[in-house]
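What follows is one chain in structure tokens, specifically the form predicted alone.
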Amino acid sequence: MRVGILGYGNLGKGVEKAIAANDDQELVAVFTRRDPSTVKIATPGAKVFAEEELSHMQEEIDVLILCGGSATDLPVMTPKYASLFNVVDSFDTHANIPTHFAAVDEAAKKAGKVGVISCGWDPGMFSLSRLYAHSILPGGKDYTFWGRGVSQGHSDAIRRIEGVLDARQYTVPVPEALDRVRRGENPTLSTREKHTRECFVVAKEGADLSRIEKEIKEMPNYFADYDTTVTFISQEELNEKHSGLPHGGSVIYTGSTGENKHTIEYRLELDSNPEFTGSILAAVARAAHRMNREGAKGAKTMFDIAPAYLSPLSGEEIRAHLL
């Protein structure tokens, strides 16, 4: 299958690595809003084009993987390109998924294409874990913990504060909360009781550190509802100790069958959030291509994909080795 990538940031580069690891996939081109001559990709033979060239390449691409941001890019990009291609995105603003789904569904159905939205690990793999658990043990309770890992959005919010040169923010589960959930206590936990936030900040010389720390800790929608620590470090230390993009987390579900209690847990530890997410997008692209060839159209989520469609193996191989 022939794949295109729109956007070549951390996620786009992760998708490129995933395609290279899949023998049944070929990267045709990367499309960018930047000057194509300034974008150097790793795949021999693949090309870099301006985003505007996409409208001329419908016959050359089976699936277009969209690697834009959820805040402003994907709400426009995904419906737009679902009218031309089978598409896959990683839209992760949970509250806006129904609206995004409806827009993509309308465009994809008109074009006879498949648009799979919100593919990643949350939403995505964690969503599947929650659905399986609720289906198997009705009436139970699920808990989702994220981290320890870098939040790119929160790190960017810190960098926008006056006097800040650079920053990394880690989301960290509270160990006591994790332990209570794993013991099956089914606690009611506030936002503050589930996660803490650790901020490592490089400040400009002479900046007011007290003001910066106060602005971080009081920032609504980001830090105000959490116990937050702010540590000021040098750029050299940030580069040395905090240059990666690790992440992960757990979905824990507790339920019962009569007097017997059960716990289901799905857990991830990721050295690279964008590379792992890119690998999920590449697998879902395979599923989108197969589903469309069988006549499917419209918007889909991970809930609508049969697991076998994600695998490059044949049905016989899956049954023999994975069942």
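Keep in mind that what you see is a predicted model, and the values were worked out from it rather than measured. In this text, residue numbers run from 1 along the sequence as written.
Below, we refer to the form predicted in complex with a further copy of the same chain, which is not included among the displayed structures.
Of the candidate stretches 65-73, 269-277, 48-56, 30-38, only 269-277 has residues whose heavy atoms lie within 4.5 Å of a further copy of the same chain in the predicted complex. In the predicted complex, a further copy of the same chain sits within 4.5 Å of a heavy atom of residue 123.
For residue 283, a non-hydrogen atom is located within 4.5 Å of a further copy of the same chain in the predicted complex, even though that partner is not displayed.
Contact between residue 239 and a further copy of the same chain in the predicted complex is not found at the 4.5 Å heavy atom cutoff. In the predicted complex, at least one heavy atom of residue 265 sits within 4.5 Å of a further copy of the same chain. Using a 4.5 Å cut-off to a further copy of the same chain in the predicted complex, each of 118, 307 and 318 places a heavy atom inside that distance. Put simply, of 138, 175, 206, 220 only one has a heavy atom within 4.5 Å of a further copy of the same chain in the predicted complex, and it is 138. With contact defined as any non-hydrogen atom lying within 4.5 angstroms of a further copy of the same chain in the predicted complex, the contacting residues in 72-107 are 94, 97, 101, given in sequence order.
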